[in-house]
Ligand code: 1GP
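So this first bit is one chain, no partners, the form predicted on its own, shown in structure tokens.
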């Protein structure tokens, strides 16, 4: 849900003094209404942004339906809050941002998109090809682009395989620093370190600290983070944002999801 007081990019890049949390919702893993319910629970539990995407082959119809359902639910919550003197409608004005598997997974209902270059891919399609295909549609839709350098780290998972990524290993600190400097010189505003969806380990704190040494980048870290302890490791290493997705899918129900996200957001100071 687009905020009135600032651009999505400024909302994402503004330093808040603590690490913030993003809930990633994969449209391929649940119905649009279930996705909307999960998004609202996540925000109540402390999430500050919703990513929509993840799977590489989800058609845009499913992505769009999911974005619409989430936006409608947030608008209803914001309206209800505006009618109560004890509630703040801005609490529900959380950006819904596309995290696409490619140019096929777009929606005009999103507020913004992580417009990414998979920097350590060996396939031109993920360096610039998908971006060239998607840019005209994003311009037509009026979806804000968040310029993002995307790095897949070991173990990498399916995204590393599909994206033909030369995985960054846990001890490749000089390499990740070179990539982060390159991202800044290209003018990217965000740098995303990804261990892979459902990864059995998270991005190493050494890599996060090395990327953090480059000024001017907002650092997003995801993959393999399921517990508050893991989230704190990434936050202490310098992540500005923590992304969890598998955690949402593995929750037994909405109450369990709320507990899991609340525990993470609590250690992050949200």
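Please read all numbers here as calculations on a predicted model, not as lab measurements. Numbering follows the first chain given and starts at 1.
Here the subject shifts to the form predicted in complex with SN-glycerol-1-phosphate (1GP), a form of this protein not shown in this document.
Although the partner is absent here, residue 198 lies within 4.5 Å of SN-glycerol-1-phosphate (1GP) in the model of the complex, judged by heavy atoms. Although the partner is absent here, residue 24 lies within 4.5 Å of SN-glycerol-1-phosphate (1GP) in the model of the complex, judged by heavy atoms. At the 4.5 Å threshold, heavy atoms of residue 207 stay clear of SN-glycerol-1-phosphate (1GP) in the model of the complex, well away from it.
Within this chain, residue 47 is remote from the site of SN-glycerol-1-phosphate (1GP) in the model of the complex, having no heavy atom within 4.5 Å. For the candidate set 43, 52, 70, 243, a heavy atom within 4.5 Å of SN-glycerol-1-phosphate (1GP) in the model of the complex is found for exactly one residue, namely 243. In summary, the region of this chain contacting SN-glycerol-1-phosphate (1GP) in the model of the complex, judged by heavy atoms within 4.5 Å and restricted to 198-206, 30-38, 211-219, 59-67, corresponds to 198-206.
Candidate site formed by 150, 194 and 224: every one of these residues places a non-hydrogen atom within 4.5 angstroms of SN-glycerol-1-phosphate (1GP) in the model of the complex. Residues of 89-104 placing a heavy atom within 4.5 Å of SN-glycerol-1-phosphate (1GP) in the model of the complex: 99 alone.
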